[in-house]
Ligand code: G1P
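We begin with a single chain expressed as structure tokens, specifically the form predicted on its own.
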Amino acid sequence: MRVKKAIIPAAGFGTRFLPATKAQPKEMIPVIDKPLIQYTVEEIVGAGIRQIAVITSRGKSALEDHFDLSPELEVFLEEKGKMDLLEEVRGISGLAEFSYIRQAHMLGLGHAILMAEGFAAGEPVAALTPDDIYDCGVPCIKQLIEVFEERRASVIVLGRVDKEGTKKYGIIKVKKQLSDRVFEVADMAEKPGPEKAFSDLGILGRYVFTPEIFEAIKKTSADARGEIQITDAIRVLLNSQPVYGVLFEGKRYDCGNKLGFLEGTIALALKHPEFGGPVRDIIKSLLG
């Protein structure tokens, strides 16, 4: 089974970034010179996937506009002789084939992924949260796909987390460690806290699912907030088939909160071929 499709859940309000997100989607906030969601799209494309479903909601039309053609802008850039910018703008609309699915009510990540059942059409599918920027030699989602192709089972990304991280992420219980980076999952819990955490292995926003995930989501009960958590759905899936976790190789920036967003912006700016040197000088001057 080849993974040819990916889902990006992007329907949330982005309340942690208010007031910046009052009139624009959080996913469109720029990190250096690209909106946050474009990093996720480029990760997907870098893994060889061309079909992408974006789960959206009211007020998210800017996402569709960004990945669409912009004839007026292209004509303007061509007339001004700004051919480098023209090529870059045209490249964005040609990155992938996009489908947009409206989610009327935000009922958790599991529900958002379920919205794309028709898009998946019985095929395996990747799912990526756009809050995370992964800076990896091999795209993070491709690292998962490689294990999926070997194991023919659902795969989730893992990272080591501290005690605070156990309050923010789903945490797995290990059934068996298969290599330095690959684990078979026995169980998991959503944000259990340090006292109840099975391990220090957190689930960090990247998944590759067999088609059976959609039936598992349908069987999953909503939590106390009325949301369907994907971790609970994966627990249902574990009743019928194995699930594996992969410790990714690379660096992750959690841009879903302000401090992580600032960290990611600074780190990527320092690596940028044009801005790296000047940004380093600015930081030195600010630090005295």
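The structure presented is a predicted model; accordingly, all values stated were derived computationally and were not measured. We number the residues from 1 along the sequence you see.
Same protein, other form: the form predicted in complex with 1-O-phosphono-alpha-D-glucopyranose (G1P), not shown, and the subject of what follows.
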message: I need to confirm a contact call. Of 231, 220, 40, 56, which residue comes within 4.5 Å of 1-O-phosphono-alpha-D-glucopyranose (G1P) in the model of the complex, counting heavy atoms only?
response: 231
- request: Note which of 133, 145, 203, 216 lies within 4.5 Å of 1-O-phosphono-alpha-D-glucopyranose (G1P) in the model of the complex, where distance is taken over heavy atoms; exactly one does.
  value: 203
query: Quick one: which of 92-100, 67-75, 114-122, 169-177 gets within 4.5 Å of 1-O-phosphono-alpha-D-glucopyranose (G1P) in the model of the complex, going by heavy atoms?
result: 169-177
- prompt: Is every one of 17, 34 and 251 in contact with 1-O-phosphono-alpha-D-glucopyranose (G1P) in the model of the complex, taking contact as a heavy atom within 4.5 Å?
  reply: no
- request: Would you check, heavy atoms only and a 4.5 Å threshold, whether residue 190 touches 1-O-phosphono-alpha-D-glucopyranose (G1P) in the model of the complex?
  value: yes
field: 1-O-phosphono-alpha-D-glucopyranose (G1P) contact in the model of the complex: residue 183, any heavy atom under 4.5 Å
entry: no
message: in the model of the complex, is there a heavy atom of 1-O-phosphono-alpha-D-glucopyranose (G1P) that lies within 4.5 Å of any heavy atom of residue 109, even though the partner is absent here?
response: yes
